[in-house]
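In structure tokens, one chain follows: the form predicted alone.
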């Protein structure tokens, strides 16, 4: 253990020598002696003792009390007084110097030793605390964050000068009252912040963290992130919280990828224009929502690096088309909004939209790639009378969705009819979601027959929606909405499960039959990553063999990620599931699909079959498709067979299968079961004679579409 280094200040030589001997006997080291106050100060500076033993009455101009005061002030060295003075006046002077001990002469060695040990320990404790306070003070001054310390027992709060400056105030301008903080929080955030503090105080979280807007001295709101930790009293109750406040306005209001303002800043600017204090009373303003068509395909095919560079060029073109006071913001990966602050009419807004579309219509050159893109635009005008910025932006988005429904690359201006349609669409989506939960859907089954002799080959499963009121809603009224919202995935999987379960029931009733069931899948379903495992599980759990399941695919499915799709189709073929190309002949690249993908059956679109007996060109197309199927060893199915004349033509062309009203409408499972057991509704159609009276001239019922085109 290190010896305590002590300086003795005593003007009587005998007393000084006696004291030195005692100290050395106690194991301490005397590093210096002095006989005056001036000498004591000088030697303290020279040798830096751990402790000074100070007599009060000294020779020289200053006594021991004044010397101790200076030593404590300059060097923070602890002082113990050794003196015979114990009058009240002297004691009051001693108190002002903060002594570490006061021993009245004469004294015993153990008394001296105890005072020295206590003084050294006290000095070490105070030094540690002083260094900690200095570190805290330096950290407070140097931190970019504002610091706060809230004593919950006294309800006083300390704000650092940086905390105050983040809000535009000078040090000391804000009092130590928690309301100085919380009354400045944006009214829209105040309830949430209070709840998060309450949650922390109740012990439901280990730390306090929240984001909010807070009022700046200049009158605008800044975004802040506040973090805090608490200490608890012996009862476990939080008695104090301390933490930091960080200005995150840039992060909250600007998109990190594009550098553009984001939705929050856009809404703030729009709110100022709409609000009662708005200066924009003499002219109109407009919001444009822009959707980049097929931008995600650029990322998927060329990579995100190319996509990011394309975005940079695209934003530059957008900004070049706008005035300085206009604002362009990022709403997402491929969606932007533009605020036009000064326009006279809707024509001004549509002119800007046309200018933007023209600017983006020219190709982009990104590294070695030439990229084309278009934008779809929705416009909403201030003249409609908006009170809330959310409504304004929502209507512009509604107009953009309307433009998308009509065709990519269009511009549509919002009108109230669109809002009604959007509300109806949302209501339909909600009803669809509940219908899935309640299993309000049912299946009808349309027979597929052999064109040659009318044998029943299988069924196509067609979904119907039967709400609780007992009505039947046909697919063309809800399938598009299901596809748009993504609910189509769950719905089609329910259809698959139900159809396979029904097929298995029929197989048990007619074990010698080789009936098949056909199920339509939308493009969204074909691109689900778990498609193949889902099919495997369905076959396994329903007991249906893959050869009895036929999945119908439309040409639009092949327009996206063909490499992954090709892999999935090969795995599906390994399950012996047959693949049918639906509506064959209506797409522009059908032949290339036949070359690249494992298709088993071609389905001739009903538009060709409908004109078969009156249009020679249609007949030639049907003939070409049947010949193609025969040459490629594929079967061919004709959809929409309604008249005996169409059947005769298909028989002459050696088409394999047919389905349509000539044979049967879609049937409920009980009626379909009669067919499975041997009953046949269409025998007359295969007898040479007059046309069937109950089918002649029958048109296609839109309610008989499947998923998605039935």
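Numbering follows the first chain given and starts at 1. In this text the structure is predicted, and so the values were computed from the model without any measurement.
Form predicted together with a small molecule: not shown, discussed below.
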Among the candidates 190, 431, 606, 527, the residue which, in the predicted bound form, approaches the small molecule to within 4.5 Å (heavy atoms): 606
If you check 146, 307, 475, 629 against the small molecule in the predicted bound form, which one has a heavy atom within 4.5 Å? 475
Please determine, with the chain shown alone, which of 215-223, 409-417, 458-466, 69-77 has non-hydrogen atoms within 4.5 Å of the small molecule in the predicted bound form. 458-466
In the predicted bound form, does residue 446 come within 4.5 Å of the small molecule, counting heavy atoms only? yes
Taking the small molecule as it sits in the predicted bound form, is residue 52 in contact with it (heavy atom to heavy atom, 4.5 Å or less)? no
May I ask you to state whether residue 637 is within 4.5 Å of the small molecule in the predicted bound form, using heavy atom distances? no
Taking the small molecule as it sits in the predicted bound form, is residue 352 near enough to touch it, meaning that at least one heavy atom pair lies within 4.5 angstroms? no
When you measure heavy atoms, are 293, 356 and 396 every one within 4.5 angstroms of the small molecule in the predicted bound form? no
